[in-house]
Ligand SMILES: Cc1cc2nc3c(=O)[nH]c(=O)nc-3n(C[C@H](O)[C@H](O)[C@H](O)COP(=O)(O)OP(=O)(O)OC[C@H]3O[C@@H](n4cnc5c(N)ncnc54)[C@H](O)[C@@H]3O)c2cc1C
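Single chain ahead, written as structure tokens, the form predicted alone.
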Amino acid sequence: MVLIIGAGIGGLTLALKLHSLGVASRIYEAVPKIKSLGVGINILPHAMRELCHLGLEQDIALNSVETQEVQFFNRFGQHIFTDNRGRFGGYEWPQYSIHRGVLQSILLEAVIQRLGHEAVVTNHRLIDLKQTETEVQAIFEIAADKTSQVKVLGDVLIGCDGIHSTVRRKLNPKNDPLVYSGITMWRGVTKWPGFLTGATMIYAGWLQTGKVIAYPIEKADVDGNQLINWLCEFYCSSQKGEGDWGKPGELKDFIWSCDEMNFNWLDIPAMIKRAEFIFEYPMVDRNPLAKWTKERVTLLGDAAHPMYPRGSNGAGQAILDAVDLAKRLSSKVMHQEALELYEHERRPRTTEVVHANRTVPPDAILKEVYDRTGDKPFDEIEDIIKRDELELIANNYKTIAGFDRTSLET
């Protein structure tokens, strides 16, 4: 039995993949009821390939927008570069923009349908774990009353419990602080008329003055409105990050940074002012660990490699972790060897993505144009930077993150 700690995207995908390979698992989640939380995310082609193999594409497609392209603009609304995505970019696999909570619900429903209701145990907060040569013991506090404990035995235990992972802390009790990027992000969703293709993600501006990303996560209604996921971010070095995605945000703290971004195809400040809610998130990660695994216990997703949310890649890397680990655990090697092989494959790859998200994410395109123009309008983008340079920047991140076309065709 594989004990999975956490019913997020990584943990649920792991349970589904293990089940498809004939390996028993059970998920333990701290909250009494799993709710649809968060805002929009993108499922990049490398992750969608795996979800397609799990038979989930139809449900995802019905509840999302198939992303056609990413368009980059300066803060004056001048077009810099278009990067076609998914099937529109020649991939075999699509890219989808979706509400994180909707994706989690799709995965959860699939787990319950395929593994049974007993496969997901809520109201169990992990407080300790112990190991012997033959098994691992998970000790849970019943979260609702915090007065009773339950001990569960398994063959291995996988920490899929997020950026504040208890499993990570148990394996690495030494100082392991959150690292604040100096960038703070405000996020929200707004029902708004569709823009450009209706399946376009935009990047506009740059962090010195304010950067905006926006994309639809629902299909258009009868009035042509879509649910638009947006975020606004800029350097804000005086803040500290605590890794809380649900912290309420205030419009007055950031609207100045995008107040001039009223383009003829999208009035960004007006859209943001109509938001259903606003979250504030000082962007944090953790320094990569030298080791994820200890005997029968390992880490997955944000518990293993929390990264800055740049590049639409956090959920994707968790999905790739889950698929690789499930394949190892279904093989004929011993459990501990399977965990070590998984770590040997995934830890170097995700470490590279963590560093790339700090230094050369996809929005490096915006920085390059900002630096070369001195934050001024241009006459022709080709006079500032050639298309092959822009493609090189975009493709460099895809290669690091593992969703370049060459990697997916092998």
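Everything numeric here is computed off the predicted structure, so don't read it as measured data. Note that residue numbering begins at 1 and tracks the sequence as displayed.
Missing here is the form predicted in complex with the named molecule; even so, the following discussion is about that form.
Contacting member of 213, 315, 171, 156, with respect to the named molecule in the model of the complex [4.5 Å, heavy atom]: Spelling it out, the residue with a heavy atom inside the cut-off is 315.
Which one, 328, 124, 286, 75, lies within 4.5 Å of the named molecule in the model of the complex by heavy atoms? Looking at 328, 124, 286, 75 one by one, just 124 meets the 4.5 Å heavy-atom criterion.
May I ask you to check whether residue 70 falls inside a 4.5 Å heavy atom distance of the named molecule in the model of the complex? Taking the distances in the model of the complex, the answer for residue 70 is no, it never comes within 4.5 Å of the named molecule.
Would residue 29 show up as a contact with the named molecule in the model of the complex if we use heavy atoms at 4.5 Å? Contact with the named molecule, yes.
Please determine whether residue 137 contacts the named molecule in the model of the complex, using a 4.5 Å cut-off between heavy atoms. Residue 137: no contact with the named molecule in the model of the complex.
With a 4.5 Å heavy atom cut-off, would you call residue 41 a contact of the named molecule in the model of the complex? Taking the distances in the model of the complex, the answer for residue 41 is yes, it comes within 4.5 Å of the named molecule.
Which of 219-227, 175-183, 289-297, 158-166 sits within 4.5 Å of the named molecule in the model of the complex, heavy atom basis: Among the listed stretches, the partner-contacting one is 158-166.
Enumerate the residues of 1-19 that have a non-hydrogen atom within 4.5 Å of the named molecule in the model of the complex, in sequence order, or give none. The stretch touches the partner through 5, 6, 7, 8, 9, 10, 11.
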